[in-house]
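Next up: just one chain, as structure tokens, the form predicted alone.
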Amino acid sequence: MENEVSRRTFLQWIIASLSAAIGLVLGGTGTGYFLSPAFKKEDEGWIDVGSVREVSRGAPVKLEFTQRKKDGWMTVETRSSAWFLTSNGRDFVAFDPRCTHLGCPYRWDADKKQFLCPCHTATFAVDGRVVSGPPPRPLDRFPVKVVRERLQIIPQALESGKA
């Protein structure tokens, strides 16, 4: 009877086994809960800005949109805008609304047919090229695509000025 297990040893094994099972269940679900945002599929970041009909040919139009950023369980909304331009109604260009000099907002002057930044007298052509002033490069652009007659951009993916 050397191999007999005492009652005390048997109960210790049962308690240890139950404790391990409870720890695995609670630990696994708790860890999964806290790590789940890290494993969610990341959206590409395309944001619907508006209808293609809002952009007339040859003249830039400023469209405002709401950008939502998800951080874990919180969603933060910010209002922003972009300048859109098309020459044929099919191909669109979206400019970042900030001057490439110091990030000041600029406006479209329909009479001069130029973008004007009042802070340091920067002037940009309709295609974003620097006409005059201190900006080091053309206006930055957002990637643009059209989906079912709706304009979409990725605000996080600024493309350095192309002209």
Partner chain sequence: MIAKFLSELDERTGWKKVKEALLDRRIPEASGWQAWLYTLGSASLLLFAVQALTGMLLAMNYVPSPDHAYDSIRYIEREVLLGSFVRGLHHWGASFMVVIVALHMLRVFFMGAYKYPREGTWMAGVALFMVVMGFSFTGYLLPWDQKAYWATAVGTNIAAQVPTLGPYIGKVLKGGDVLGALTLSRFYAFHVLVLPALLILFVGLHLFLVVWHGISETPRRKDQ
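All figures in this text were calculated on a predicted structure; none of them were measured in a lab. Numbering follows the first chain given and starts at 1. Only the largest set of C-alpha atoms that superpose within 1.5 Å between the two forms is called the rigid core.
The next section is about a form of this same protein that is not shown, the form predicted together with its partner chain.
So in the model of the complex, does any heavy atom of G30 sit within 4.5 Å of its partner chain?
Yes - in the model of the complex, heavy atoms of G30 and its partner chain come within 4.5 Å of each other.
Check K70 for me: does it contact its partner chain in the model of the complex (non-hydrogen atoms, 4.5 angstroms)?
Result yes; K70 sits at the interface with its partner chain in the model of the complex.
Even though the partner isn't displayed, in the model of the complex is V76 close enough to its partner chain, meaning a heavy atom within 4.5 Å?
Answer no; every heavy atom of V76 is more than 4.5 Å from its partner chain in the model of the complex.
Although its partner chain is absent from this view, report whether L102 comes within 4.5 Å of it in the model of the complex, heavy atoms only.
Judged by the heavy-atom cut-off of 4.5 Å, L102 is well away from its partner chain in the model of the complex.
Which residue among T66, T121, S56, S36 has a heavy atom within 4.5 angstroms of its partner chain in the model of the complex?
Only one listed residue qualifies here, and that residue is S36.
Just one of 134 to 142, 48 to 56, 121 to 129, 22 to 30 has heavy atoms within 4.5 Å of its partner chain in the model of the complex; which?
Selected range: 22 to 30.
Given a superposition on the rigid core, I'd like a yes or no on whether I22 shifts its C-alpha by 2 Å or more between the shown form and the other one.
The answer is yes; the displacement is at least 2 Å.
Would you say V147 moves its Cα by 2 Å or more between the shown form and the other one, aligning on the core?
No; that C-alpha moves by less than 2 Å between the shown form and the other one.
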